[in-house]
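Given next, in structure tokens, is a single chain: the form predicted alone.
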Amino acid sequence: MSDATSTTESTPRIPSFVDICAGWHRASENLDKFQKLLTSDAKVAQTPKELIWTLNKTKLYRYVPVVPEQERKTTPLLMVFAIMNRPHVLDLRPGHSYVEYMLRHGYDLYLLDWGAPGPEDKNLTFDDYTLEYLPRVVRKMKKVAGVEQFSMLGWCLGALISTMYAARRPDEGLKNMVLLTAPLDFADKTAGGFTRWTSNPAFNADTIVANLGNVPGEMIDSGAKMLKPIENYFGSYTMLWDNIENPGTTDAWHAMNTWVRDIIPMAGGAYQQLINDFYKENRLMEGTLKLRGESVELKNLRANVMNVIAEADHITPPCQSERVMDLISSQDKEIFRVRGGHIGIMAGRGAERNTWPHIESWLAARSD
């Protein structure tokens, strides 16, 4: 009797025709959802803001404050993103937005959007971004905010531009500077795929720009993805399919994928300069860099500095961000190491628990 009971209990249930139809129906719905997530755009960058300044394609926005004026920080924060990506990743989606987070903490928040260069902008260089565009942005922001001192957050190539600006214009009111995954030091030619590729004598940026003008965003994006081809071309999509019935995960993936797909070209002149002056010759760290004939000396940088380094960054390996701390003259400086990658430390699931609070508390102590 006991043997018969055991056999009955262990016999697997044979799916009925209704079960099979329901399973196929759910699979069909999931496949349709999967395809829509791959090809459609999510709503990103939804936090209200107003345009307060433009120059060529570049725009400066001020976010609408959400706390009373008497509760806001007195030092405004200017966010400077890279020149070959949209800055929307800073305001990815409602409920998971660095912009929202900082507004809730009382910051007067400004965003510099470099825009997408057209064929007529192919000769733009870091000289222009650092010594013409950014100083004008700063003057406008200080006028609107009614202050003389400000904080700046630079991410990726935005951190490179911010660092050069701080070294060349140390007396324009920059009080605090946050560097995020800053590509500054290219001494180690074995660090990261980009460095190894560009160090090869056969890699000729001048030829690329002579033939293409501006460097297509698709070319830069493909290069970045090839640093981790399995993860970028397969892993991301299998993860999405495995979580296709989890709305929280799919919404986050959709928003990030929308930002990733929105690629823009890089001005040819800036690309040549990035490869030749920085990747190949490491001129900023060697002290031989000149912008419009002006030497860029890191010892002139005196602002308070927090240097945020992603320990698993394959775009900007930690060694490209560390040594600058020994060359600047800042008395108040800190390195903050975060587990994660180039984008994940600010836009990943753990950013709101780890990176954002640390940056905010550091700025808060220096913003009043």
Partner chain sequence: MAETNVDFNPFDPTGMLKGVRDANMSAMAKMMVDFVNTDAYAESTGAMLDAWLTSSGPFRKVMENCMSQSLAQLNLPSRDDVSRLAERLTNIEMRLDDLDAKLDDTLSKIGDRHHE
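Residue numbers count along the first chain shown, from 1. Because the structure is predicted, anything quoted here is derived from the model rather than measured.
Below, we turn to the form predicted together with the partner chain, even though it does not appear here.
Participant: Classify Asn56 as contacting or not contacting the partner chain in the predicted bound form by the rule of any non-hydrogen atom within 4.5 angstroms, answering yes or no.
Facilitator: Taking the distances in the predicted bound form, the answer for Asn56 is yes, it comes within 4.5 Å of the partner chain.
Participant: Is it the case that Tyr133, even though its partner is missing from this view, gets within 4.5 Å of the partner chain in the predicted bound form, heavy atoms only?
Facilitator: It does: once the partner chain is placed as it appears in the predicted bound form, Tyr133 has a heavy atom within 4.5 Å of it.
Participant: Indicate whether the partner chain has at least one heavy atom within 4.5 Å of a heavy atom of Gly23 in the predicted bound form.
Facilitator: The answer is no: Gly23 has no heavy atom within 4.5 Å of the partner chain.
Participant: Given that the partner chain is not shown alongside this chain, does Ala187 nevertheless sit within 4.5 Å of it in the predicted bound form, heavy atom to heavy atom?
Facilitator: No, Ala187 is distant from the partner.
Participant: When the partner chain is placed as it is in the predicted bound form, which of 221-229, 251-259, 108-116, 87-95 ends up with heavy atoms within 4.5 Å of it?
Facilitator: Looking at the other structure, the answer is 221-229.
Participant: Note which of Leu212, Met285, Val147, Ile264 lies within 4.5 Å of the partner chain in the predicted bound form, where distance is taken over heavy atoms; exactly one does.
Facilitator: If I apply the 4.5 Å criterion carefully, the residue I get is Leu212.
Participant: Using a 4.5 Å cut on heavy atoms, which of Lys175, Lys280, Arg169, Arg139 is close to the partner chain in the predicted bound form?
Facilitator: None of the other options qualify; the answer is Arg139.
Participant: Mind listing which residues of 160-198 have a heavy atom within 4.5 Å of the partner chain in the predicted bound form?
Facilitator: The stretch touches the partner through Gly192, Gly193, Arg196, Trp197.
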